[in-house]
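Here we start with a single chain on its own, the form predicted on its own, put down as structure tokens.
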Amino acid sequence: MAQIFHPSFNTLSRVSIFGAVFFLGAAVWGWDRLLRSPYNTQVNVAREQPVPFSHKHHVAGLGIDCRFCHTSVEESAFAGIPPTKTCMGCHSLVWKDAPMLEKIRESYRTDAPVEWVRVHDLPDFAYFDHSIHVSKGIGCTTCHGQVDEMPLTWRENTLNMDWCLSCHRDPEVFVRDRADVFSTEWRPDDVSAEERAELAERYHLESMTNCSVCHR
């Protein structure tokens, strides 16, 4: 029987198969890069807010403690978005007529909350409790970055599962004394390996990578 395909088709088929595998791998790699890119994770992307609130001004400039606004962070799963009356506690006296704060004053007059844009927003299938992390000696800046240097707030970390697991596998690396949890001046080098081990034992830290810890 006569040969149907020219011998060159053997080479063409090999090239096609290799090319398909290569392009499939490139597509998977590109998709992974997209999922981890700032476009998707919003890492280092400052979020526009209804009112341009500056952590840099309030924290570094005025020395206001995190807990002054985020009142429930030590006791509940949610850190708490401050109500308008917290803002007006100061701004009824300071910058009380500033145009940029009109939405704050309007919210206070009408009792309608300001629609702040969530910067750190985990998906509904992931459980997170601020209070347990605070009680275990995990500081604000470990997850949120140096908020005292942010004129507008951005996400410092991806909040992806692999990022969470990097701490859950070995939390001793990130522990600090509870007295320093809300300090923005604390740095990892402030604690020696021996002190970390002592703190880990005192706070009963352990590796927690079971799925049910975060997915309940």
Partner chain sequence: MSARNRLGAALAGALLLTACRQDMHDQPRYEPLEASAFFADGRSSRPQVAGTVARGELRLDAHLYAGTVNGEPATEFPFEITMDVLERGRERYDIFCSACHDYVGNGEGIVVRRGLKQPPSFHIERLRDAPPGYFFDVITRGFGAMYDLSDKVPVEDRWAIIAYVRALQLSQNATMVEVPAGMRAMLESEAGQ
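Positions refer to the first chain, counted from 1. Everything numeric in this text was worked out from a predicted model, so none of it was measured.
Another form exists, predicted together with the partner chain; not displayed. Remarks below refer to it.
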query: Location of the partner chain contact in the predicted complex, chosen stretch of 63-71, 150-158, 44-52, 187-195 [non-hydrogen atom, 4.5 Å]; finding: 63-71
query: Listed residue that, although the partner chain is not shown, lies within 4.5 Å of it in the predicted complex (heavy atoms), from I132, V117, M100, V94; finding: V94
query: 4.5 Å heavy atom contact, T86 to the partner chain in the predicted complex; finding: yes
query: Distance check, K56 to the partner chain in the predicted complex, heavy atom within 4.5 Å; finding: no
query: Exercise: W31 in contact with the partner chain in the predicted complex, heavy atom 4.5 Å; finding: yes
query: Heavy atom contacts to the partner chain in the predicted complex at 4.5 Å, residues of 90-128 in sequence order; finding: C90, S92, L93, V94, Y108, D111, A112, P113, R118, D121, L122, P123, D124, F125
